[in-house]
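Read on for two forms of one protein chain; each stands alone as structure tokens, with the labels structure 1 and structure 2.
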Structure 1
């Protein structure tokens, strides 16, 4: 039974990873169209992708957008998570459910709603639109991750600090914040990835002069079909793996998920 279980897990992992392997291998093709396996191997499409202004500029836009949205959402999520976990007030469960709504409602619906709301309010700045929207979609991931760390933190530790004369702010900064730092870091990394890879929300809020990398890739694929997109996808896979490794080294994935 154990062998059968391991076999099923292996088949499931192979099914999930097979498309990624195909894209990575195809990115090294020297031909003008993607092929698997490549008949000739080359790094030409990596060089081609890195020399395309549309990809470089949109990647810079995605990086600053993800960074700013994460930095703005983190303190808000920390305050909300602490209030929900440590607070005792009517409607706490309902508030928690409401704050996690962006995880349930389809992103395309959220994007259209934000577009209509901002148009009604007369907000025309593209950067402001994108930052506000991406704060909204990254916020639930941060709240959930930080809440997971706070739930595992024994309240008696904070109570002991207050009993010894530490004021609430000092207790939070010196005791609570260092102990939940792994959850905060993990949430920030997850939020950064979610913001960087977002398509459906950004689709409603960008214009031709301010584009994100996922939208630039979609636009490029409308008129081109070469391995440069596979090369970009491979670089994004490497970026995601690097973030996962950093997360494991810094805070530990088992600690984040509570295993």
Structure 2
């Protein structure tokens, strides 16, 4: 029985890993179609991918977007998390649900709504609308992660600082903030991944000239199938999994993802 159960777990693990492993291995194909396993091995598609302007430019866009959105969303999320965890006011639960709404409303609907609203207002700046949308979508993840580390922080420590005469802001900056720093950093890393990988929100907010990397890959895939996509994907997989391992070591991934 146990053996059968472990076999089942092995099969399910293989299912989860399959598409990722296949992409990584196929990125080393020498031929013009991705092969698993490759009949000849080479690095040529890495070179090819890194020489394509659309990938390099969109990767730079995505990195900027994810960094700016995360940096803007973090102080907002920190303020909200602190107010919800430390505050006692009517409607606190309702507010908490409301602030997590970007997770419930399908992100394709959010993307469309922002497009529609900004087009009506005449805002055509792609950078501006992308940053706004990405702050909105990264914000709930940050709130959850920071809340999780604030909840575990004993309020008596802050109480003690205040009894000793530290004003509230000083208490926050020199006591609370350093103690929840791991939670904040974890939230920021995860927010970065969420923004970097986002497709359905950016879908309506970019154009052919200003694109994010996942969308550039998606449109490239419509007409091409060569392993340069696999090469880029492998680089991204390495990036994401590195962040994942760091998160797991520092705070535990499950706290970041929630549930």
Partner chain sequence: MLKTRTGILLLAPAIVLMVALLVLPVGYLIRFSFYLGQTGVQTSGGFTFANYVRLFGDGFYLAILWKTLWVSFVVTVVSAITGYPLAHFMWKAAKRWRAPFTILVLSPLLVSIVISSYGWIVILGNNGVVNQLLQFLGLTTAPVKLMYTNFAIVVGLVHIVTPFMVLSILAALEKIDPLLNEAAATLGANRFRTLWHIILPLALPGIGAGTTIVFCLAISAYVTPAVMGGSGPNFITTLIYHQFVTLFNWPFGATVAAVLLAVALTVVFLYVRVLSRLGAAAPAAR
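These numbers come from a predicted model, not from an experiment. Positions refer to the first chain, counted from 1. In this text, rigid core is short for the largest set of C-alphas that superpose within 1.5 Å between two forms.
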{"item": "Which of the two shown structures is the form predicted alone", "value": "1"}
{"item": "Is_shifted residue 239 between the two structures (CA, 2 Å cut-off, rigid core)", "value": "no"}
{"item": "After superposing on the core, C-alpha shift for residue 12 between the two structures in angstrom", "value": "2.8"}
